[in-house]
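Just the one chain here, the form predicted alone, laid out as structure tokens.
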Amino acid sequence: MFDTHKIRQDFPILSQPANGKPLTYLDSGASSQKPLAVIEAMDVYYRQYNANVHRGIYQISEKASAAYEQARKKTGRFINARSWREVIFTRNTTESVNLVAFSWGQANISAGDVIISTEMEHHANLVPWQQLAARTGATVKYIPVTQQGYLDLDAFDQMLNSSVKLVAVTGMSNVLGTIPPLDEIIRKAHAVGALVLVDGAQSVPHMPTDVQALDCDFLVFSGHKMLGPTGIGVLWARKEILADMPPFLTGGDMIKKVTLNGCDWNDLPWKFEAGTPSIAEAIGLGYAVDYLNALGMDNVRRHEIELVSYALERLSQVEGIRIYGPQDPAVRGGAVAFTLGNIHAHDVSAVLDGDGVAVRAGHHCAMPLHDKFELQATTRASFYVYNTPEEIDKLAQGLERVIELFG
């Protein structure tokens, strides 16, 4: 059974107070907390076999190399990759997107081509494409977002033609919680010969992900949003695409042979991993994958739907609140962004912090989306495996106190 109260015991930080109150952490959309298994795995690496990988012909280096590559294989199985060689370790989702933009993009995008993104994207899935278009003479177009928080797929249909080379779309909006119909988007994009990149920073931690069934061409996500450490991200891409892509960064470990006249690239996946990698962080990610697998990603998703259902019902009782995004919990994730009358989001967050409730306030790296809704900022509560309905009650009570303070 999915026992949230038992799960919470695995997260040391949740037993610590915040401003003298029990910590209610509702900002997992920005970064998740870490279970003891992840923390201890990284500690063991540093204490017992800290060494560089792929280079040392001695025991602890070989142990570090094995642990690092085992983490890659775990991650590949977690998203059902065809091969562990399709899993590239980066620093984060942003670096993964930039790797594709510079490596694949520079080689395949030219003047007159079209890149399609959406109005609900995180800046990390907007700015690299804007910069790629500026360098190459391509054009970026955006699928509009409706007032209800859905993508306008009729407008998407009108954009599609043979000039479209890439569609870059979120797997789950970090503001609206919207889960786009990726199957339909990918099928339509492929029909005109376009590749599809899915930003899975929000979706991969919260629901089962199968890249083979999804049939996307690129998937990017971060370890720190899925119970793992910061400093480790993932790019998955089809092996045949990666094989044709030039390296993004060059230097040590991504080469097979170097002479004064040139070099030969290393095999996949190391061709894209220049220099000493984030070894401890990759190991931590592997243990985070183990933890999520033990919970069961279907159970993780089911728990999130229950939390969002309760949050939409409970928060709607707060006077003056406006919640953004779809009202159907089945098509949205655990990010609930809202405004509270004319009270600024930063004020809302500051008052909640006094009650030990940690939420996000601002534009959440999605300024175009906030411009769309004519908003300067929103407050966002985002949930994960360790959150409970009682914490949503505490959030609602805190919002009622905000109203009392600001009138």
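So that there is no doubt, residue numbering starts at 1 and follows the sequence shown. Everything quoted here is computed from the prediction, not taken from an experiment.
The discussion below concerns the form predicted in complex with a small molecule, not included here.
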**Asked** Taking the shortest heavy atom distance, is V87 within 4.5 Å of the small molecule in the model of the complex?
**Response** no
**Request:** Give a yes or no for R360: in the model of the complex, does one of its heavy atoms lie within 4.5 Å of a heavy atom belonging to the small molecule?
**Result:** yes
**Request:** Tell me, yes or no, whether K165 is in contact with the small molecule in the model of the complex, where a contact means a heavy atom of each within 4.5 Å.
**Result:** no
**Contact of T209 with the small molecule in the model of the complex (heavy atom, 4.5 Å)** = no
**Prompt:** Can we say I7, M297 and N387 each have a non-hydrogen atom within 4.5 Å of the small molecule in the model of the complex?
**Reply:** no
**Message:** Between T94, S278, S103, T178, only one gets a heavy atom within 4.5 angstroms of the small molecule in the model of the complex; which residue is that?
**Reply:** T94
**Message:** Under a 4.5 angstroms heavy atom criterion, identify the one residue in H303, H224, R332, R72 near the small molecule in the model of the complex.
**Reply:** H224
**Prompt:** Among 74-82, 264-272, 169-177, 186-194, which stretch sits within 4.5 Å of the small molecule in the model of the complex, heavy atoms only?
**Reply:** 169-177
